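In structure tokens, the next block holds one chain alone, the form predicted alone.
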């Protein structure tokens, strides 16, 4: 594969800076928890379904403990005590608590030692669930081969999980390697996970554990039928990031959109809540072997794609450092970037090649997620198709990991099945005829592409130095990313953040953090 001659010492410097920035944020994370983290623990302990009032049972149990003023201890230990007091399963215990028939915090059922032993038992079973998901996926991949990268990623987004299933099966037939079920509009702002199969989403389909199960079963069958393993993607971002990660692990999802800053910038979710939730969600992903996809590509929809290219690279480096802090390995870091430069700019394709190659050089072992043009898409579908074809060429030439298929009707309507078919036909064509192009070319040492990549890396180092000096949260409040400013104490979900008490307990996190 062609390479850009970058300074290895400079690469180490920018990665060290990203690590320092992450360490600053992590100091805040370890002192706090959130309602979503606590609800995720209950889900991993075996709590699901709805309370009599219609609220999800994990929400109801945590809300009761919070209303009693005891949330600083976390939910794990009082819930373990409640199980001892009830003598029932975690599910039945949660139902009794929600019905007011069992009191959280009443430890009459056992001694402190017995409660802690029950906690250990619950947490070990929870971690075993995550490990079992990883094992099941590995066994599936042994039966059918993994496709060659770039993996062809196609979206379904009808709002009806059963129609999504039909469209997904069609997409796999056409050549898709990854199926992404787009989440219903604004679900990231819901502070609960809907329950059961859903058929009435808006602009997408609700992310629920039941929907995950339906799609996973369909793709397992499609994988066998077409003799290649097809991955399933959904979203673990927003106010229920940790809970959705738990649900996804239980149902063997392969990839989750899980970004440290996307929800802050584009959904106005409080940054404190986001950083806390993303850490625990990524610990879950690491143990269950779920690839995360980050959202740097979105920065260029609001900021200038040439002038702000370095903000994408800086964010990728920060996301990498945060991911590794949460035990994610390189093969699970699907860092995002995009082909979004205005096509009217001369040599726009060379800029795009430079940016894509720079990402590949900085993260050679990561399955980079490369996003297609959207901001400058035209209602002229033939022109849009040409743009997507050049994007396909950039992707295969620079050896991207995950290739999100551009759709020729992007600027017109929610794509139809035949639109997706035409788009993936173009991907299949370009990936075949230019498969080894990157092995055949070299970049001129003093040429446009090399100079542009070096310029972006230099600007990235300058930005990371500035962020390190003031801190990531303050930098976000100053609008350093995507030209969007968010205050540290603003946004949605801050009321779900709490400082851990001296007696806080989360043995699931303890086990996941102890992994070397």
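Small disclaimer: the values here were computed from a predicted structure and weren't measured. Residue numbers count along the first chain shown, from 1.
This protein has a second form, the form predicted in complex with another copy of the chain, left out of what is shown; the following refers to that one.
408 is the sole member of 362, 98, 408, 219 with a non-hydrogen atom within 4.5 Å of another copy of the chain in the model of the complex. Scanning 196, 145, 343, 105 against another copy of the chain in the model of the complex with a 4.5 Å heavy atom cut-off leaves one residue, 343. Proximity of residue 421 to another copy of the chain in the model of the complex: non-hydrogen atoms within 4.5 Å are present.
The shortest heavy atom separation between residue 28 and another copy of the chain in the model of the complex exceeds 4.5 Å. In the model of the complex, at least one heavy atom of residue 435 sits within 4.5 Å of another copy of the chain.
Of the heavy atoms in residue 139, none are within 4.5 Å of another copy of the chain in the model of the complex.
Partner contact region in the model of the complex: 437-445, out of 437-445, 272-280, 77-85, 250-258, criterion any non-hydrogen atom within 4.5 Å of another copy of the chain. Within 4.5 angstroms of another copy of the chain in the model of the complex, the stretch 374-394 places a non-hydrogen atom from each of 380, 381, 382, 383, 385, 386, 387, 389, 390, 393, taken in sequence order.
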